[in-house]
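Presented as structure tokens, the chain that follows is alone, the form predicted on its own.
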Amino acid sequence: MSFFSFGQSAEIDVVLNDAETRKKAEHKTEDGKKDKYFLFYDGETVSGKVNVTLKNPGKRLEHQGIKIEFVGQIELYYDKGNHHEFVSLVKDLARPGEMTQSQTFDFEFTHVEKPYESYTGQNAEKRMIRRLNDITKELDIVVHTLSTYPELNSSIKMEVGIEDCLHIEFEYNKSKYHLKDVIVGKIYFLLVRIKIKHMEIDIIKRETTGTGPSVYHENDTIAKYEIMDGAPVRGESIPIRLFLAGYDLTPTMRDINKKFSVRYYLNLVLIDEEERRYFKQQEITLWRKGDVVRKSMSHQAAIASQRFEGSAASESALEKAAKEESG
């Protein structure tokens, strides 16, 4: 949000109506540091008060009107200073006139559309801000986009092969994972005639910005998971359990406002004794699971949980959802 037009004559403060109870979320800033910001979701109302405090009470302060903006913008670092706005709402707080004493103004942006998750990457940044005239003050907020269980979530089966030397099959339990999920899989060694000394799975984040000839790709290795250190033998199988909760991940973002994308890949890496490296890469989809499931959706979510996890815990989730629906 942003504010306008007082310079050194007044101080401006913005207070959200639910500041004491609203959750905060950590978010990385452009300089790589992490800070906490008020957390909002798509469709939530944003309301509060703007306090304009005169530095010299009693002295007249003329202004050209007081407005507050709610802005969503994308900035590409190779196009610095050129902001691409995808949300722009304005509320007039006061008509042009003068102030002789400090004042407080109420504002409300009702059921604001916030279609994209906040993001700061190598070459792109997506922000939601409130701004007052003349950009005397800005207040950043963080937006999280929530998803429900995917209707289709097929497993991933792939092969790595070098003719007459190596044949490996690997399988992951699904292709779509929420940010606190566990990747479960298995690697099967069907033929091993080269001396493998190390194997790992990497999670790679690929950020793509720009279009046409001005496309930039940045790959960032988020995690490395060692599968084995030593030589496997034919017929051996190795289980995989990779917990995602400990890593700095975002949901998959595809063609955000036609400006940038963020995709994630599982990269299987094999290294032989001669330091030759073999790769096999597969895209996965990451999504953010809501902390609180709405009552009307609880039964659906429990069914999805049972479908994809197939565990006793899912059965108990079904029973719990059924009680909530009837209660």
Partner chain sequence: MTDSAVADTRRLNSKPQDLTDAYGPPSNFLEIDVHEPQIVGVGRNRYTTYGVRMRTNLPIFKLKDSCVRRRYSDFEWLKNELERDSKIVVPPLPGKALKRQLPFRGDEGLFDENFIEQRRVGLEQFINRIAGHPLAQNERCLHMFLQDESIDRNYIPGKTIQAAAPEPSTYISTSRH
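Keep in mind that what you see is a predicted model, and the values were worked out from it rather than measured. Positions refer to the first chain, counted from 1.
The form predicted in complex with the partner chain exists for this protein as well; it is not shown, and the discussion that follows is about that form.
- Each of 188, 234 and 274 comes within 4.5 Å of the partner chain in the predicted complex, counting any heavy atom.
- Only one of 228, 182, 94, 76 lies close to the partner chain in the predicted complex, with a heavy atom inside 4.5 Å, and it is 182.
- This chain appears without its partner; in the predicted complex, the one residue of 263, 280, 28, 49 with a heavy atom within 4.5 Å of the partner chain is 280.
- Figure note: of the listed segments 84 to 92, 210 to 218, 168 to 176, 113 to 121, the one touching the partner chain in the predicted complex, with heavy atoms no more than 4.5 Å away, is 168 to 176.
- In the predicted complex, residue 289 approaches the partner chain with a heavy atom inside 4.5 Å.
- In the predicted complex, at least one heavy atom of residue 243 sits within 4.5 Å of the partner chain.
- Interface residue remark: residue 80 is not counted as part of the site for the partner chain in the predicted complex, having no heavy atom within 4.5 Å.
- In the predicted complex, no heavy atom of residue 106 sits within 4.5 Å of the partner chain.
- Looking at 142 to 158, the one residue that comes within 4.5 Å of the partner chain in the predicted complex, counting any heavy atom, is 149.
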